[in-house]
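Here we start with a single chain on its own, the form predicted on its own, put down as structure tokens.
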């Protein structure tokens, strides 16, 4: 079947123009004015609307054993939520424990997506220990499984965190293989000491999560990673950057020639630490790491995004229930609250509402940070993240005039709360296609669970 999108305002990371888009099979085959519709074509009228390349969320957790429990989404609910929000590709963090073997863990994660995901997907391979056996498996994962990015944690000591010897060898291997290393940058020892001191003082509520992981701890983690990247020549990508001090640490290294990119996430652009200070344990809904910061950091993050200093906007989607998980596990100790904010469904609408509609970023920046740069960084471009002949027909027809309100009652994510309950939204992904097939019509999911494909990627050439 063919798909013809007519009369749309096409927006990419560099262009903005009116044209029709013809898709045949899974790819875009023609772009131009007044294109003829094949007899079997589904015709979508995009007059007065934007047509964007399918959005990419390069940082999600769907299957996640973490802090004594499991994330609530599976690929059926998460991919449905992503697509309703305009996201057509997910890159999930595969996070084995230190005791697990990487290849076995990757196959477990892949199995959780296969047959369920309605959108395309790939993985970052978590490196939670490094030895000869792990190195051999990582080489195989890159060469035969098409996974060309690693993930390291400079936090979660005793769980996912690695030591400096392991960090050095991971980065050294990545540089050799042309693999990007994504990194959670904090200082695990400082966090452990600060948490212990706060708990000893009887400070156990969620409002103490941010003081236990202050901005300087994040900036120090960034400085640490940049030193190792500079000395090994590895390409690095700092995930969920929450504040100016951390971002400027990375930018200083970039100015010295380090190949480093910066990701922020939608909670940091829209929420501030007062949400985590709400009484009656409500603040636990907003506990994530690094923590949500003071509102003063938001202006910097938006300006850095507009300037191109911050490269991508992801979610760090990590869905845990409020009552049965956050309250039950962390009700008397903030260090045991499962970290994460469910947000894969609302990233694009929040970014448009609070970024484009307010004039903080323009439409090209919107596409760049929510799609194209992630595609280029992680070996998916130009099949993904672009609108051109030969690209995958992942397209979003976006209605800027639609108005709605976020609510747990209408969300597709499988959690018992929304961090953005009652927020007004300007805009909606009205129509979404994945490789030429409709997945969303009139804002409703019409996709096919299990149609999503594992995206096998190539290493970057040095």
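For clarity, every value in this text was computed on a predicted model and none was experimentally measured. Residue numbers count along the first chain shown, from 1.
Another form, the form predicted in complex with N-(aminocarbonyl)-beta-alanine, is not on view; read the next lines as being about it.
task: Mark residue 340 yes when one of its heavy atoms lies within 4.5 Å of a heavy atom of N-(aminocarbonyl)-beta-alanine in the model of the complex, and no otherwise.
output: Yes, residue 340 sits close enough to N-(aminocarbonyl)-beta-alanine in the model of the complex that at least one of its heavy atoms falls within 4.5 Å.
- request: Would you check, heavy atoms only and a 4.5 Å threshold, whether residue 251 touches N-(aminocarbonyl)-beta-alanine in the model of the complex?
  value: No, residue 251 is distant from the partner.
query: With the cut-off set at 4.5 Å between non-hydrogen atoms, does residue 61 touch N-(aminocarbonyl)-beta-alanine in the model of the complex?
result: Because a heavy atom of residue 61 falls inside 4.5 Å of N-(aminocarbonyl)-beta-alanine in the model of the complex, the answer is yes.
task: Report whether the minimum heavy atom distance between residue 120 and N-(aminocarbonyl)-beta-alanine in the model of the complex is within 4.5 Å.
output: Outside the cut-off, so no.
message: By the heavy atom within 4.5 Å rule, which residue out of 73, 92, 316, 218 makes contact with N-(aminocarbonyl)-beta-alanine in the model of the complex?
response: It is 316 that has a heavy atom within 4.5 Å of the partner.
query: Among 235, 243, 365, 289, which has at least one heavy atom within 4.5 Å of N-(aminocarbonyl)-beta-alanine in the model of the complex?
result: When N-(aminocarbonyl)-beta-alanine is considered in the model of the complex, the option within 4.5 Å is 289.
message: If contact means a heavy atom within 4.5 Å, which one of 352-360, 332-340, 365-373, 76-84 is the stretch that engages N-(aminocarbonyl)-beta-alanine in the model of the complex?
response: Within 4.5 Å of the partner lies stretch 332-340.
- request: Report yes if all three of 398, 428 and 431 come within 4.5 Å of N-(aminocarbonyl)-beta-alanine in the model of the complex by some heavy atom, otherwise no.
  value: Negative, none of the three is within 4.5 Å.
field: Residues within stretch 149-171 having a non-hydrogen atom within 4.5 Å of N-(aminocarbonyl)-beta-alanine in the model of the complex
entry: If the 4.5 Å heavy-atom criterion is applied to N-(aminocarbonyl)-beta-alanine in the model of the complex, 149-171 yields 151, 153, 156.
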